[in-house]
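Take a look at the structure tokens below, where one protein chain is shown in two forms, each on its own, as structure 1 and structure 2.
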Structure 1
Amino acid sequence: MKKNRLALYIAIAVFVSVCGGIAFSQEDIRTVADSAFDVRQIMRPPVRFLHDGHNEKAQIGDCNVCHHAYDEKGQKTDDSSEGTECSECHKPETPENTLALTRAYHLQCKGCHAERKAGPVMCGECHVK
């Protein structure tokens, strides 16, 4: 009798663990990271957020709002930089006429949040340990 009860408890624990993990998994989590950031240099963890959920809530329909592209004349409104790391243009050190990488991320994300008066603006609100 005790063996049956123990087997039942184990089966329930396994079921809850598996189903609970599936129910609470977030497959769409993206990590805002860039290969230019050396793991040892990161003072705070990378920002994680639901890309599609964020854009839906913020009513962002055009990719180039965040994934901007520039040429010698300025920002190209009909093009985006999807699939390109920010560090391809924004280096950790500041080249001429380009924002440094960390500053570019902060202005893009935090600047939009402040402008819209929505979303996190404090370091620990985005860089959650």
Structure 2
Amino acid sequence: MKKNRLALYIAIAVFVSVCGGIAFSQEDIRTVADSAFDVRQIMRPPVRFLHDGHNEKAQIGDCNVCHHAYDEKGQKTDDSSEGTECSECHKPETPENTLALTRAYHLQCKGCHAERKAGPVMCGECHVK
């Protein structure tokens, strides 16, 4: 009996620390969770997005394909903007109305998928219930 319980404790301890490790390791983004979207107000389930795995599979080498940067004249530059959230530049209209920011995400994600005929393009393929 006691032995079993000890094994259980160990199993739980291992499980918790592994999960904690995953949750806190920075490179392991699992869903897109832009802080501009209020989790209490979002209308759709969060989008599964395994950052590094996705880019590896999709063979995207340059960070600035997504984390792009523009100069004052509105021309795209070779710089990249990783570490800055999309919403810092693509501001939602109001905290309640986030259509403009949503549009930026959709055009970038769906746009590439449609163009390459690979990756999800339908609402429910990204916003999986």
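So that the term is clear: the rigid core is the largest set of C-alpha atoms that superpose within 1.5 Å between two forms. Counting starts at 1 with the first residue of structure 1 and goes up one by one along its sequence. The shown structure was predicted, so the numbers you read here are calculated from the model rather than taken from an experiment.
**Q** Just one of these is the form predicted in complex with heme C; is it 1 or 2?
**A** Answer 2, the form predicted in complex with heme C.
**Q** Quick one: once the rigid core is lined up, does R103 have its C-alpha move by 2 Å or more between structure 1 and structure 2?
**A** Comparing the forms between structure 1 and structure 2, which are aligned on their rigid core, R103 does not shift its C-alpha by 2 Å or more.
**Q** Fitting the rigid core first, would the Cα of T84 be found 2 Å or more away between structure 1 and structure 2?
**A** After core superposition, the displacement of the T84 C-alpha between structure 1 and structure 2 stays below 2 Å, so no.
**Q** With both forms fit on the core, is the shift of the CA atom of G74 between structure 1 and structure 2 2 Å or larger?
**A** Yes.
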